[in-house]
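Below you'll find only one chain, the form predicted alone, shown as structure tokens.
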């Protein structure tokens, strides 16, 4: 933290700053010492904490389901197996209600998106000062632990889904079929091709942006509220923090669900003929 007794503004600013590494015009390759230095590093700077916690939660997801696959038993499931099987069935329900094509990718994609985003969102339940203080003792100036409160992570996942949409649209319909779909929808007349192209391209590009910004907006707003609650007197923190954390259980699961469902719906369009 900046100083022994930071002001409210310094406290909030510190907690909203990522641990950024990149090429600084003056200092070469280094970690940024504040938001201004991070901006000066430009596009190729990387938020190390976002990447680290994203990978950590991804590995947790892989380990849990690998563990389930190795220890699964017949009969009535209990404990962890029961919880993970419920998640598995939940992802299957998403596919049955939202996907009209046939693909071996969709099942693993829906399951991965829901669980991975849920795990990343769930880091918000940890005390807001716990890991920043641990990092500070280790000489690390900044540490944000919720990857989905960073637009770089959420937009990255959104554009990952976008690339899958483009790939499967071209693979299933051919480049000519995909181009024709863009050119002759929603108005099937050659004179309106330019209008159709502008409209369809906007709709196509908005999909990953809306996916990423919706998730980021909800997680960032929740993070800011947790930070502001932590500035209150000790007795007020418990009065407000616990109810907000309980309410956020719904938000955390709902945002993971929405991202997974919309991704499946968008992918379904890539398998449909118009």
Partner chain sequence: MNINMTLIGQMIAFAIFVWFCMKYVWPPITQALTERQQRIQEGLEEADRARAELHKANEQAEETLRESREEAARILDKTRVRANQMIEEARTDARAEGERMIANARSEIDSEIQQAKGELRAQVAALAIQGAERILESSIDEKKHREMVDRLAEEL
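Numbering follows the first chain given and starts at 1. Predicted model only: the values in this text are computed from it and were never measured.
Although it is not shown, the form predicted in complex with its partner chain is what the next lines describe.
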item: Listed residue that, although its partner chain is not shown, lies within 4.5 Å of it in the predicted complex (heavy atoms), from 196, 172, 112, 98; value: 112
item: Partner proximity in the predicted complex: residue 234 to its partner chain, non-hydrogen atom cutoff 4.5 Å; value: no
item: Heavy atom of residue 240 within 4.5 Å of its partner chain in the predicted complex; value: no
item: Non-hydrogen atom contact residue 45 with its partner chain in the predicted complex at 4.5 angstroms; value: yes
item: Proximity of residue 85 to its partner chain in the predicted complex, heavy atoms at 4.5 Å; value: yes
item: Candidate stretches 200 to 208, 87 to 95, 128 to 136, 175 to 183, one within 4.5 Å of its partner chain in the predicted complex by heavy atom; value: 87 to 95
item: Stretch 153 to 190 - residues with a heavy atom within 4.5 Å of its partner chain in the predicted complex; value: 153, 155, 156, 157, 159, 160, 161, 163, 164
